[in-house]
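Shown next are two forms of a single protein chain, provided one at a time as structure tokens under the names structure 1 and structure 2.
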Structure 1
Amino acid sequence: MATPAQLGLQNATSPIMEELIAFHDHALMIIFLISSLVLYIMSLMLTTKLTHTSTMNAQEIEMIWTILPAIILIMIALPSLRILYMTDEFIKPYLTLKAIGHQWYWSYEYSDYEDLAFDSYIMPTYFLEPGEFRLLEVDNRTTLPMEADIRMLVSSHDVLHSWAVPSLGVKTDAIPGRLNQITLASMRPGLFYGQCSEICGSNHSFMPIVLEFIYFQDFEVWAS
């Protein structure tokens, strides 16, 4: 989960999120490069009385400021596409489960197991135990096995929602009448928090997601 006044991305729990963080650093480095160049040039223009008012032939500089941005764009696109195809790699999931958005809670269906389905409502503030997080805890957590590929099918019962868990690098729109598929994998055990990420009404901010990753032997015990 995010800590107070956090500006950056949350720590990665999945390999894909690690790649996304590295790509974000790469893209931000390019942004700082271009922004500092533009700011410096702007300050140059503001601090001189020298002018040049006659017509200029600018063939060389036009070439430079066309080709250089094209090279920069390719430097951004190549790692981006690499990660995009990495998220779509064919995997054989250990488990498939459905996350269905409702106003204003999530419901989970573990169809691989008989009769395993539950709703996940936000835990009201007055029911929180010491050490629990306000507006992030739920009554029934989504328990999942760690170090295993999991297929999530996300949909909605009513309006648009979005199932997001930042530390896993996952955000998938929940669209009524549509099943969106995403693959999850956590390298570590623990609790990972997320929140609905598509405006869905008055309690949009109050339908969080909590994933509890445990060893798959313990998961099998829990699921049965």
Structure 2
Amino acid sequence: MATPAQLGLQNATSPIMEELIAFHDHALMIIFLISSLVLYIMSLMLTTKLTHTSTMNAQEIEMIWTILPAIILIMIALPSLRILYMTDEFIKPYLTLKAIGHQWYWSYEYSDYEDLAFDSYIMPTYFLEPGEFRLLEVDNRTTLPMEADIRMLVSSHDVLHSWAVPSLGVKTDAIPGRLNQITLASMRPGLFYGQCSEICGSNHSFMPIVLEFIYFQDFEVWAS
């Protein structure tokens, strides 16, 4: 989860989030190099009183500033497309979980299990235990198995919502009358926090999401 004064992204707990962080650093380095080069050239042009005649009409320079941006765009596009295909649908997901947004709580349905569904409300401050986080804790945590491919179906009962868990690298809109699908997986057990990321009314900021990833055998015991 995020910490006070944090400037970077949250620590990754899924392969997709690891790739997103690597792509962020890759793109940021390209932006830094381009900005440094442009600032250097601008400073040279502003500080010199001489004019190089060949820079005003030169085919070589025009070819360079046409081909070089194309190469840079390809360097950005290739890893971006790789991540896009990584987020595609799993062929055989281990589990299907449906999340439905309401004003102002989430309800969850485990499609592979009978009668396994519940609502998840924000935990009032006076019910919090030591170590639990204000405005992030819920009364019913969503329990999932770690190291498993999980299909997530997201919809809404009333208005637009958005189901987002930053450390897993997932975020999708919950739209009334429509099912959006994402895939998620966690490589380690633990608690992972998210929130509704689409303004949905007066209590929009009181719709936290808590995922608890546990081992396979523990999940089967919990689900039974």
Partner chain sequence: MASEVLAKPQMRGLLARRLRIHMVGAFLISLGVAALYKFGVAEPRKKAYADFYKNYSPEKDFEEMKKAGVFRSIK
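Each form is matched to the other, and the largest set of C-alpha atoms that superpose within 1.5 Å is called the rigid core. Numbering for residues begins at 1 and runs along the sequence of structure 1. Not measured: the values here are computed from a predicted model.
The first of the two structures is the form predicted in complex with its partner chain. With the core held fixed, M29 shows a CA shift below 2 Å between structures 1 and 2. Look at L44: with the core superposed, its C-alpha moves 4.1 Å between structures 1 and 2.
Core superposition gives I64 a CA displacement of 2.3 Å between structures 1 and 2.
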